[in-house]
Each structure stands twice: as C-alpha cells, then as structure tokens.
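A single chain comes next, written as structure tokens; it is the form predicted on its own.
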Amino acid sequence: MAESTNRPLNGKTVLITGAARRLGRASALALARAGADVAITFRNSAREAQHTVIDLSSFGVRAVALRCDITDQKSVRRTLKEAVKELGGLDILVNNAANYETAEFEKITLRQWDAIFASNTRGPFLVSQEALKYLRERRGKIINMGSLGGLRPWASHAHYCCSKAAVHMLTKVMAKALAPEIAVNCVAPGMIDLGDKAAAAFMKRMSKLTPARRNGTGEEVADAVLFFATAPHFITGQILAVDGGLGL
C-alpha cells in the first residue's frame, strides 16, 4: 500500500515532449519520482536531454531521450514508435514542447505567427494524433501544457496567446472526441520563475500583482501535471490554471 501511495505511477509509461529543460524537465522528474518510465523529446538541447535522462534514471525507472521535431509528421511518427519500443507501450502523453515570444502586435510577421502556431498548436495536435493507437490500448491520458496567456490577453504576445488559447480548445475537443478511452486535460501556468536572470525585474514586478504575492515554481507546475496523471479518468476536458490567482 505504501509503495502505491508513494509511487502511484509504478508500471506506467510516459512521453513528454520538450522535456530536456525548464517545465518539461520538472514534469518529467515529478512523474519519474512517482514511478513512471519516461521518454523525453528534444530538438536542439541534446546535452541537457542526456543530463535529464541521468537524473530520471536515478529514481530507478527507465528513461530515454529522443530527438524530435514536433512540427514534422514523419519525425513525430518515428519518435512515437521509438518511445513505445523502448518503454513497451504508452500510458500518458504530456504535450509540453512549445515556443514563447514577445512581439508588438503591429510588428508580428506572418513567419512569426506561423512558427508559433506550428510549435504550440500543430505540434500537440500531431503528437496526440500519432499517439492515439498506443494510448487507446491502455485507456491512457493526454496532458497538454497551456498558459495563462491562453486565458487572458497579453497585448505584446498576440501570436503566443492565440496559439495557447487554441491548445485549450484542442484539449476540450479531444476530451469529447476521444472519450471514453482517453482522458484529456490541460495545465495553464501563470508567471513561473525559472531563475532566468534576464527576467528578474519582470518577475519581481509580476509577483506584486499576483494575489499569492509570489511567482510560481517549476515544481508547482509539475505537481499539476502529476495530479492529472494520477487523477480519475472521469476528470477530463479541464484547464487548470497554476497562477497564484493572477488570472482572477
């Protein structure tokens, strides 16, 4: 009983996109700590991905890093096959990989708009679609990474906000379309302090505007991902804001 309480994901397999660094890494560590075998994807962060795999393995689980371009269907299909081959199946998909960019509305180019939507919206769609046959075999779960920016408009992030709002709607559509075999939910982080020195002043300013009087941590976002990973299948189609009340 104690083992199932401390490691509720024992015997489960997880694929997390873009998990070499930052929030993806934090989520991967949380799920591995809970007992899951974890495959992470990366695109350019090969060194960080290998370090993350070492840290994941320290929890006594299987871990593997796979290079993948989530905007390319062939790359996604190949990665899913490799992940399933390495782990023996797939129980949980976490669509974390995404890009973030600040740009004044009148200066956003079509190339910027399309690039953000390719990574942030088409990516989760492609990976989810390719993962369906594996997830259905195990009545699996999909967890998307949204954003407070998909719930509230940020004037200097039009393309980013719209891409994340689309992810929120994609979550709800998939929850209905893929039920009852697959549960689909979304975590929407607010201001999360990941220690970036360049953002220190901005983070300090935002903490004063947040009802919790501080910014969030990567571990708190990871806890929300873990919640959905271990939640009853009856919980589906939900957008969980992890924002200290900033969106209120």
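We number the residues from 1 along the sequence you see. Remember, it's a predicted structure, so these values are computed and weren't measured experimentally.
There is another form of this protein, the form predicted together with a small molecule, and it is not shown here; the text below is about that form.
Trainee: Verify the flagged residues N10, T13 and A30 against the small molecule in the predicted complex: is each one within 4.5 Å by a non-hydrogen atom?
Mentor: Result no, not one residue of the spot touches the small molecule.
Trainee: Taking 4.5 angstroms as the heavy atom distance cut-off, pick the stretch from 207 to 215, 184 to 192, 50 to 58, 31 to 39 that is near the small molecule in the predicted complex.
Mentor: Only one stretch passes the 4.5 Å heavy-atom test: 184 to 192.
Trainee: Counting non-hydrogen atoms within 4.5 angstroms of the small molecule in the predicted complex, say which of S119, T171, T79, S128 makes the cut.
Mentor: Spelling it out, the residue with a heavy atom inside the cut-off is S119.
Trainee: Indicate whether the small molecule has at least one heavy atom within 4.5 Å of a heavy atom of L23 in the predicted complex.
Mentor: It does: once the small molecule is placed as it appears in the predicted complex, L23 has a heavy atom within 4.5 Å of it.
Trainee: Does the 4.5 Å heavy atom contact test between E220 and the small molecule in the predicted complex come out positive?
Mentor: Because no heavy atom of E220 falls inside 4.5 Å of the small molecule in the predicted complex, the answer is no.
Trainee: Does any part of K164 reach within 4.5 Å of the small molecule in the predicted complex? Heavy atoms only, please.
Mentor: It does: once the small molecule is placed as it appears in the predicted complex, K164 has a heavy atom within 4.5 Å of it.
Trainee: With a 4.5 Å heavy atom cut-off, would you call Q112 a contact of the small molecule in the predicted complex?
Mentor: No.
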